[in-house]
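First comes one chain, alone, set out as structure tokens in the form predicted on its own.
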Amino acid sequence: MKGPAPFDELASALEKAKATTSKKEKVATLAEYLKGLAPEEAQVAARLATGKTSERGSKDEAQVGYSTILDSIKEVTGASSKEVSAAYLRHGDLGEVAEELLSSKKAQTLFAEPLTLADVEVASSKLRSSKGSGATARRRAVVKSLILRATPVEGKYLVKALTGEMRTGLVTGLLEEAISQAFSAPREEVARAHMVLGDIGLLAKTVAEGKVGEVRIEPFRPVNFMLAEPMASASEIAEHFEKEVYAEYKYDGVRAQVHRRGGETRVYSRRLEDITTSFPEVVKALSGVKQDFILDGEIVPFAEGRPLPFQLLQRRLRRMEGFAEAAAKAPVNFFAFDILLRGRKELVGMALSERRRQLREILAGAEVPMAGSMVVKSEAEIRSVFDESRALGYEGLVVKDPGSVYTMGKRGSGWVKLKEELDTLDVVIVAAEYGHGKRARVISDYTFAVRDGGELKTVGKAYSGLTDQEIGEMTAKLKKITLKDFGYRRSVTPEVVLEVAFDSIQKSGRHDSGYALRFPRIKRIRTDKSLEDIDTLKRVEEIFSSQKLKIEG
């Protein structure tokens, strides 16, 4: 009888896959490894290979913070903080830091049994369930016990899995292909089953059991959402479709699937998490519907016929206040725009025009509105509806082909979105940090400020928008103008000016200006501007005041 699957076999397979640039070889390596596993073992291995230690959508995740892992590595290896920092700057990967330092670890366990996949799964379960008083110490003890038993290469992949940063080049499509090869299942069936199941571990287990052809969309098992491709202008969208299409308001809320079966209703987020308890109004609004269904839509903070600031919804989701108080401040509407299942019949393969007809029929018995939508064709019509959407306080438009099918988990050309940034500000960098992963050796995260009289007040932090070459040049520049080096972070002489775009401004205690830019993106480095040319706090306040939606704290 075969014994438990050793963890080092998975680590070896991942190491081999990481070492090659050939996608075919990566797939073959993992397929060869997986086919020797029992279904339950394949489930654990497939998740770990993607840097996951729990089922997608699970409220309880086993991913562990950097500080807990670093403390455990230092305890086990005897390395100093300085040695750990130096190793991180060499590798830019915490897993590789663990591998290097474990090669000379000082602590040892007596008569330690080799790690197995089952051991890692049990430890992950302990990490997921560790909450409340003393949770940090318990989680650290679990991590330390794993690292104590690990070989250097096992330690590398344990840490990669616990941080969710695998970086082996085994993207989802390659894992699907490896699972298909390992258990001789049709590739198309495997890909579709993954879209329905939503979790690579469940997929591996299902395929290993020979049940891939039995996978169906079912209530209370959320599927991956269809996504929209971004486009820059109304003219681009009109040229893309060249026919009459649906233009729907793009809501600033929480994308959600609402499932109903046998009188019970549940709500799921974009991450496939059950968020039902946060939105009892949605459940109540659909209580009049007698059929089973799965709806797709957006939960929007909404009152007196207008949307409220998204930040109020975040407070409600995070339970930052008592629930009754948060719900009173952010009442919600669920705007439905698609239907995936009606009764026991899957609708995802039908044209959107037919799905919308069936959605109207379902909602006839509910207190839930359909998303605002108009038929448009020309650039002028699309622009007009976009302006109307913005005037109502929404983000923009999602434009959809009436003939499009629902492609789960993909950005299909049948749906596109038009969303314009609110404004830009010229700001100055006052502090900067090293990035993560491939950016661990470059300074890529920039905290920036505006002028307030003779002072500088921070309003945000950005790390996207620059090319690799620009980041390299910025790294050299910021090192030269460093005022104080804290290792990972540094303050700098305020002379590098950026033009930063953003979606909105909110009041925030995170920055000394009292404001924060929402979704800031670097548009360009303004080498033509100096500190005297940057925007002022007064300008920030003016933009905030001009917003149709504001959050006051």
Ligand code: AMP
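Start at 1 and count along the sequence shown; that's the residue number. If you superpose the two forms and keep the largest set of C-alpha atoms that fall within 1.5 Å, you have the rigid core. Just so you know, these numbers come straight off a predicted model, no measurement behind them.
What follows is about the form predicted in complex with this ligand, which we do not show.
**Q** So if I measure heavy atom distances to this ligand in the predicted bound form, which of the stretches 438-446, 381-389, 209-217, 247-255 falls within 4.5 Å?
**A** Only one stretch passes the 4.5 Å heavy-atom test: 247-255.
**Q** Identify which of D423, E100, E298, D93 has a heavy atom within 4.5 Å of this ligand in the predicted bound form; exactly one of them does.
**A** Checking each option against this ligand in the predicted bound form, the one that comes within 4.5 Å is E298.
**Q** Which of these residues, V398, A326, I275, A285, gets a heavy atom within 4.5 Å of this ligand in the predicted bound form?
**A** Checked against the cut-off, the match is V398.
**Q** Answer for K419 alone: is it within 4.5 Å of this ligand in the predicted bound form, judged on heavy atom distances?
**A** Yes, contact at 4.5 Å.
**Q** Look up in the predicted bound form whether F337 has a non-hydrogen atom within 4.5 angstroms of this ligand, and give yes or no.
**A** Yes - in the predicted bound form, heavy atoms of F337 and this ligand come within 4.5 Å of each other.
**Q** Does W415 reach this ligand in the predicted bound form if we count a contact as any heavy atom within 4.5 Å?
**A** Result yes; W415 sits at the interface with this ligand in the predicted bound form.
**Q** Spell out, yes or no, whether the shortest heavy atom distance between R526 and this ligand in the predicted bound form is within 4.5 Å.
**A** Although this ligand is absent here, R526 would touch it in the predicted bound form, with heavy atoms inside 4.5 Å.
**Q** What residues of 261-283, in sequence order, lie within 4.5 Å of this ligand in the predicted bound form by heavy atom?
**A** Sequence-ordered list has one entry, R270.
**Q** Quick one: core overlaid, is D533 moving 2 Å or more at the Cα between the shown form and the other one?
**A** Indeed, D533 is displaced by 2 Å or more.
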